[in-house]
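Encoded as structure tokens, the following chain is the form predicted on its own, with no partner shown.
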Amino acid sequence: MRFLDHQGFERLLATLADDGYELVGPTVRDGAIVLDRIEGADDLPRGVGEEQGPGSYRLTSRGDGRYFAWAHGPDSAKRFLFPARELLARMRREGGAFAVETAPDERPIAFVGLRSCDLHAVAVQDRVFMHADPGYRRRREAAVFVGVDCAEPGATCFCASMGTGPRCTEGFDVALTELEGGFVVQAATPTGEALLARIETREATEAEVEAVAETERTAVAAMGRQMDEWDMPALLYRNRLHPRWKEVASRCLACGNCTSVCPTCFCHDIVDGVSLSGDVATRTREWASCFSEEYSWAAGAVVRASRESRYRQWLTHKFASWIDQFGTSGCVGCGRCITWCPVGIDVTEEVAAIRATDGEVEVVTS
């Protein structure tokens, strides 16, 4: 492991920018920490903390110089690798024929400050898009990932019980652990090694290496939630008619916030449009949510008409059938769905409630 002081960290970002990467990192906007285009370290939320809870989020002032002393905001890499609205094709009438306009070239992205849960989320979305979506694959393969170990998880985080954090273990080119005065840094890919070779670092001391391990231990102990994954997916499959689904549906607004902030949800729709003149036609891909009634429309009817069925579909897919499809859970334990749910529905609580009465309650049909 190497040590990188604050000047070296600033140089790291400058080197990525000089290499032509578009820096995407955390910054403060509209009362939240969001991912956005940044110019350098000065745009990062230095000295900013946060408090999260079910249906609750607010920023705090820490009074120190830490860059990454928070868990995460509503954003993840998904918004940049799989944009919420993406133009797939535009055709313009020219004489008696249509000319297809190609999308402009995109600068490669260097993600700065992604946590381990979000790095794992990228790997989950890779299973969905890498072999079927050329746009995603192009952006993904060109990207560089600078991960940061999570030192202060939020009250809704449960990555430790999902095996996806809080320390970065995969999916990064360079990973940082923030300490007083700088960062312990390690490279995991040839790209990361080449990057660090161009920046002045020194060998990390034994005390600094131990501080990395202590940061992980402290974060695990401070984890706000936990998820018991034992007997998944069978637990949810055999409880598909459990009365808990009806109870949670009475609170759910079907707003789709959980699917919007989830770093792994991939549902989308294809929308075709034509200009008023009839000279331009477009095809756009847009995020969609399985909580919307029309999303399950098929063969002239809505398949999941009740909120109960839609919530059951979402949670069961996330923690059960996703495993059958992709060989991994669709949840990385970031807790965003809990924080950004307007009524504070907690997936760990819902699964625990079903587990607590597994096989002991009379099922109620929809």
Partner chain sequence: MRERAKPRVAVFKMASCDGCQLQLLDAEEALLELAGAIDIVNFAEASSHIEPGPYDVTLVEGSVSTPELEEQVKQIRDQSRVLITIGACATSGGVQALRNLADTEAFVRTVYPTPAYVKTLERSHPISDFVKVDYELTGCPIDRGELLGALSALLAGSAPRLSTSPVCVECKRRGYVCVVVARGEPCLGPVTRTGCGALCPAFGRGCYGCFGPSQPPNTEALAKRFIALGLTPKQAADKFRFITGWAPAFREAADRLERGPRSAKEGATP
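Positions refer to the first chain, counted from 1. Given the structure is predicted, the values throughout are model-derived calculations rather than measurements.
Just so you know, the form predicted in complex with the partner chain exists too; it's not on screen, but the next bit is about it.
The partner chain contact at Leu315 in the predicted complex, heavy atom, 4.5 Å: Contact with the partner chain, no.
query: Just to confirm, Ala213 within 4.5 Å of the partner chain in the predicted complex by heavy atoms?
result: Residue-level check for Ala213: no, no contact with the partner chain.
Non-hydrogen atom contact Leu44 with the partner chain in the predicted complex at 4.5 angstroms: Contact check for Leu44: no, nothing within 4.5 Å of the partner chain in the predicted complex.
task: Classify Ser56 as contacting or not contacting the partner chain in the predicted complex by the rule of any non-hydrogen atom within 4.5 angstroms, answering yes or no.
output: It does: once the partner chain is placed as it appears in the predicted complex, Ser56 has a heavy atom within 4.5 Å of it.
message: When the partner chain is placed as it is in the predicted complex, are Leu276, Glu286 and Cys341 each within 4.5 Å of it, taking any non-hydrogen atom of the residue?
response: Per the other structure, all of Leu276, Glu286 and Cys341 touch the partner chain.
task: Considering the partner chain in the predicted complex, find the one stretch among 163 to 171, 189 to 197, 259 to 267, 100 to 108 with heavy atoms no farther than 4.5 Å from it.
output: Among the candidates, contact is made by 259 to 267.
query: Which of Ala32, Ala320, Val48, Ile38 has a heavy atom within 4.5 Å of the partner chain in the predicted complex?
result: Contact residue from the list: Ala32.
query: Looking at Ala281, Cys252, Ala222, Met232, which is the one with a non-hydrogen atom within 4.5 Å of the partner chain in the predicted complex?
result: Only one listed residue qualifies here, and that residue is Cys252.
- request: Scan 295 to 329 and note down the residues that get a heavy atom within 4.5 Å of the partner chain in the predicted complex; none is a fine answer too.
  value: Sequence-ordered list: Arg307, Glu308, Arg310.
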